[in-house]
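Single chain ahead, by itself, as structure tokens, in the form predicted on its own.
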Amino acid sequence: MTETTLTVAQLTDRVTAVFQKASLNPQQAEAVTEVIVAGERDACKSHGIFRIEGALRTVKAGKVQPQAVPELVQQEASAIVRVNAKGGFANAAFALGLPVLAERARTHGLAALVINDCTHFSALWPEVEAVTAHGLAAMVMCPSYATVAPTGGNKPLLGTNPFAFGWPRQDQPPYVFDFATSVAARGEIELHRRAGKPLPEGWALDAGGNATTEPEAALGGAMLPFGGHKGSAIGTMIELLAGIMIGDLTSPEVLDFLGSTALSPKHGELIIAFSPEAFAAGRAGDPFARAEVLFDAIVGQGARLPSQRRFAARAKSDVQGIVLSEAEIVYLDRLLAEGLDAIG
């Protein structure tokens, strides 16, 4: 099978063109493209170009506003920064709010960015890394749509509810983790379905509440939380903090609004930024130097810090380019030629 190697810039141009063909304004198209290309660059295929079709399907269904211009809701001197996404994708709203979030976190020691009325797209680590680039630690979370059964339950109620954290480091990539509170991201189950591969045991239930390894049955049933009651509790916390507390939709409400899990979920997002210097002020030691002692101890035991695989893939892609299969190139070409007409 023929493969094509594209630079990050070339893939960015192609994906941006696809979204502009599908009626996204430049602000929306560029922000969504950035996270898709980041997924491919970092060898995270489940959050790369695979996600384009779902985004376009959501546009075609009228459940996201492709021409939205997010609005910063001014709250002078507050540690809470709010952006109304105006029904557009979360990525453009985050880009608008990030500089204000960073400034407020440096002023107050911590600050929170609340994004309302957005369609969530892709992973959370791009947001985390954007915050750590300002020298700040970060936590990011959001609900999804009801696809996960709480521990002891047998029907979808919680979302996959991703949670991410980042710690800034000097002269090297940040410490970052980003994971769904379900056993696996829903995109991983879809990739198993497309590949005709069974799921690992313990990932999902079918519509009758029975354990299944069949991807099709899992997509029609419920995923399970990671770590049993621990993942279930964290998923519930995210519903409370990033749904109810910020005045936005919970995962069951998202599913009611969309009527389908084939569309990108509409809800809110919560980003919390912390200044390590402010929190450590007056105490002995540099927080960043002390963190490096901890990281060195972890690596010294032969363990791997999270996201190191991604960062290694990123370094390779930046030098050697991003390799796409013939089928992936055909897929991009079709989306560019047909726009929303390519979506069934």
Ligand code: NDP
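Numbers follow the displayed sequence, beginning with 1. Just so we're clear, the structure is a prediction, and the values are computed from it rather than from any experiment.
The same protein also exists as the form predicted in complex with the ligand; that form is not shown, yet it is the one meant from here on.
Of the heavy atoms in Ser232, none are within 4.5 Å of the ligand in the predicted bound form. The ligand is not drawn, but in the predicted bound form it has no heavy atom within 4.5 Å of Asn91. With a 4.5 Å cutoff on heavy atoms, Ala315 does not count as touching the ligand in the predicted bound form; it lies far away. Although the partner is absent here, Thr250 lies well away from the ligand in the predicted bound form, with no heavy atom inside 4.5 Å.
Residues placing heavy atoms within 4.5 Å of the ligand in the predicted bound form fall in a single listed stretch, namely 297-305, out of 275-283, 33-41, 297-305, 53-61. Think of it this way: in the predicted bound form, the ligand has a heavy atom of just one of Leu96, Leu199, Ala185, Ala102 within 4.5 Å, and the residue is Ala185. Shown without its partner, this chain lists Val81, Leu224, Ala123, Ala242 as candidates; in the predicted bound form, only Ala123 has a non-hydrogen atom within 4.5 angstroms of the ligand. Residues Cys142, Pro143, Ser144 of 140-155 are found to place at least one heavy atom within 4.5 Å of the ligand in the predicted bound form.
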